[in-house]
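As structure tokens, one chain now follows by itself in the form predicted alone.
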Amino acid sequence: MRILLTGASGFLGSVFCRELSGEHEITGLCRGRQTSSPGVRALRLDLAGDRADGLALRGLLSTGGFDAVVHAAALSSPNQCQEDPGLSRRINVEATALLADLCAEGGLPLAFTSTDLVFDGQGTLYAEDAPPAPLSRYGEHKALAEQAVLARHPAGGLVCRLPLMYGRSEPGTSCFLDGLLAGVLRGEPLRLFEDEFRSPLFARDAARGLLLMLERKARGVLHLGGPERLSRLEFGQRLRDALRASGVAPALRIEAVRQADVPMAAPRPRDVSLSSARAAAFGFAPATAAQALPDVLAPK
């Protein structure tokens, strides 16, 4: 499959390239730092840039011979989006709407990566038909982007809501697991929320899940969540077990904290765990944290 991937130098984009470039022809768009993944054709293009970038994107889509587009580019820090809503809207909403228009014009399937943070956290194990009710600007803008994809490209638009992701980061990228491991190396206790629940997903499974949904011609909205509803505290306990099994940090201490103990710019929902039954029907079967973490921690 010939895939145009936006956000190729981000965390998920770099994992997508590393995992799939040996099997598929990937062209990766980067806003700043270019991806260095072997076998990936890297191009610098700002989706939220000026008219010249928009024209360049239109030309690329019309002449590139692509089979599908995966839109993983985003301003993904909820706190940054809360503090700079104008930038968040340009990157997360307007660029997505433009891409949906162009893919619709060219008849290209578009897989858009959204977030579990479109929900308010008052429920649990959200299904795809649960109404979005975001608490943060990031969640609000992702919900608007979902609407744009579905309205502007009904024949080929796919919204994939993703949860908290973890995995092995490429240089220049990071995920929340990197912060935990840095604290472990400094000998610090891990202070983790006991009252925030997600469906953590191994990023390799996220990448392969996106590809699987494109191959199965899925459309509309679906969830690519991990197989467990875990608090951040419980995820940290899984990490501690994996580190102990590998002989690292046997004395690691974990301290339970609550969301109210840590002031942040963006409001955080309590429980945005996802039900991924629809994706499972397509063959999506992600690893548990206990299964995935040893692979993440193994020496390169």
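Fair warning: this is a prediction, and the values are worked out from it, not measured in the lab. Numbers follow the displayed sequence, beginning with 1.
Form predicted in complex with a small molecule: not shown, discussed below.
> Only one of 163, 167, 157, 209 comes within 4.5 Å of the small molecule in the predicted bound form by heavy atoms, so just point that one out.
It is 163.
> Quick one: from 249, 266, 47, 42, grab the residue that has a heavy atom within 4.5 Å of the small molecule in the predicted bound form.
None of the others qualify; the residue that does is 47.
> Counting heavy atoms only and using a 4.5 Å cut-off, do 31, 91 and 138 all touch the small molecule in the predicted bound form?
The answer is yes: all three residues contact the partner (heavy atom, 4.5 Å cut-off).
> Heavy atoms within 4.5 Å of the small molecule in the predicted bound form: which stretch in 101 to 109, 114 to 122, 181 to 189, 127 to 135 meets that?
That would be 114 to 122.
> Give a yes or no for residue 276: in the predicted bound form, does one of its heavy atoms lie within 4.5 Å of a heavy atom belonging to the small molecule?
No, no contact at 4.5 Å.
> Is there a non-hydrogen atom of residue 286 within 4.5 angstroms of a non-hydrogen atom of the small molecule in the predicted bound form?
Residue-level check for residue 286: no, no contact with the small molecule.
> Even though the small molecule is not shown here, does residue 8 get within 4.5 Å of it in the predicted bound form, heavy atoms only?
Residue 8: yes, in contact with the small molecule in the predicted bound form.
> Quick one: does residue 12 come within 4.5 Å of the small molecule in the predicted bound form, counting heavy atoms only?
Yes, residue 12 lies within 4.5 Å of the small molecule in the predicted bound form.
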